[in-house]
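Form predicted alone, single chain, as structure tokens, below.
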């Protein structure tokens, strides 16, 4: 077990004191770090996934907390000779080095560029070299996740041009290919294609492959690195396209993964949440509310049941944040498309606790309701980016909010149209048949206008799914025969099985309690 190693048990005093005396020295390697890299290198060479995972998840965090709270780790040059100057290990070490830097400190522009170069070298090795390693899925997911995060972070940084120094502007001009959107998309696409992951998943459906059964690991002495990076790159592509506001393409990239089933993406909690968050958000923006509600409900129930197991995980805060954001997105979906029957009781009671009052106000057609949609969307949406380089001509302006403002505007435009229709829905829920004239007078419009509103309602409550089929999001449907509107309310399918199972469990509990009672 990793925790038996001396680098975690070593007395903290000496190393900590020496570091404080010297300030940060990139070439100083504490004994515990030396021991860490030597052991990690050995385990990677021996393909000991379990030990690598322990060291990656636990020991790296422990050492970071103890020795590198507000400084970077020792430089790669300082540790290279402990690991035979192994090129691939040094790339992996730098990948962790930069991730720690981004998490704890503020990277300089030069460091952002260096991190891009390191990812380029690492992915080139995976794509064109012979990689004979088994790495934990958690690490491979983190690589893709961090790659997209650093791209997003770079775009946000570059778009704040107002206070840039001349030196920074010169660097941006010189390294104009660093974190270029085409470069980012090309790497993710190349990993996906080179790994043959789409064919592997196809063959798995026919029972010819064991990718999900082995969680993507190759126990026949091969390597899981390219295959699993290719797999997670599909989620990475969905995320990048969501950041760019291209939801159709994003969902297309995810198609090979069947998210109705358990898969390798569910084996890492961060990947599971990121997949469903972006999948649900893309569906929300494409008006496929039913699909979004269904998936948000499933993941929120899953987090509710399992979050206590992740309390010690470095991802715990991120899990809680995404959980809150997805409740906000679910509140938006259900306000635009009331389909409460799709939501589990547990999730519904959590939702009511968090957003019950806001949701009842969102049903109204006024500025206050509109402001709540604005607030929830702004809180829960991804950090949209403008991927293009800035104009370096004076005056320099900040354009980091432009992409977000555009997506917010599009979303609120849709909300305005949907709110107009909530009045129609309210009346349709009350009647099974009503004449056009009567409904027009209730809504204080003339008949031609009402016909237009009803057609708009039909259009807005239908969406095109990923297979190109037209699907209905409506809980109330209708047709017009002569001048009469006939309302068809979709009745929820009653599930008697669940009800009986719950009662049986209750009864067993009562019987057990009675058995414990000792009669005099």
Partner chain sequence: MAQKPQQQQQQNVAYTVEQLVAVNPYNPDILPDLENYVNEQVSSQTYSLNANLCLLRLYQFEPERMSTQIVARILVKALMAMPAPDFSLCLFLIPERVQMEEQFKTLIVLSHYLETGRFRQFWDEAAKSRHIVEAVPGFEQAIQAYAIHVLSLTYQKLPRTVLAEAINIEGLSLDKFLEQQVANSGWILEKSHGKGQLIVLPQNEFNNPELKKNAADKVVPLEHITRIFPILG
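Positions refer to the first chain, counted from 1. A quick note: this is a predicted structure, and the numbers were derived from the prediction, not measured.
Beyond the structure shown, there is the form predicted in complex with its partner chain, which is absent from this document and is the topic of what follows.
Note on the interface: of 33-41, 49-57, 63-71, 462-470, the segment with non-hydrogen atoms within 4.5 angstroms of its partner chain in the model of the complex is 462-470. A heavy atom within 4.5 Å of its partner chain in the model of the complex is found for one listed residue only; from 407, 422, 138, 348, this is 407. Residue in contact with its partner chain in the model of the complex (any heavy atom within 4.5 Å), chosen from 358, 287, 227, 298: 287.
Using a 4.5 angstroms heavy atom cutoff to its partner chain in the model of the complex, none of 256, 263 and 510 count as contacting.
A residue is said to contact a partner when one of its heavy atoms sits within 4.5 Å of a partner heavy atom; residue 248 meets this definition for its partner chain in the model of the complex. At the 4.5 Å threshold, heavy atoms of residue 252 reach its partner chain in the model of the complex. At the 4.5 Å threshold, heavy atoms of residue 193 reach its partner chain in the model of the complex. Taking non-hydrogen atoms only, residue 323 never approaches its partner chain to within 4.5 angstroms in the model of the complex.
Residues are counted as partner-facing when one of their heavy atoms sits within 4.5 Å of its partner chain in the model of the complex; in 173-193 these are 181, 182, 185, 186, 189, 193, in sequence order.
In the model of the complex, the separation between the C-alpha atoms of residue 505 and residue 260 shrinks by 3 Å or more relative to the displayed form.
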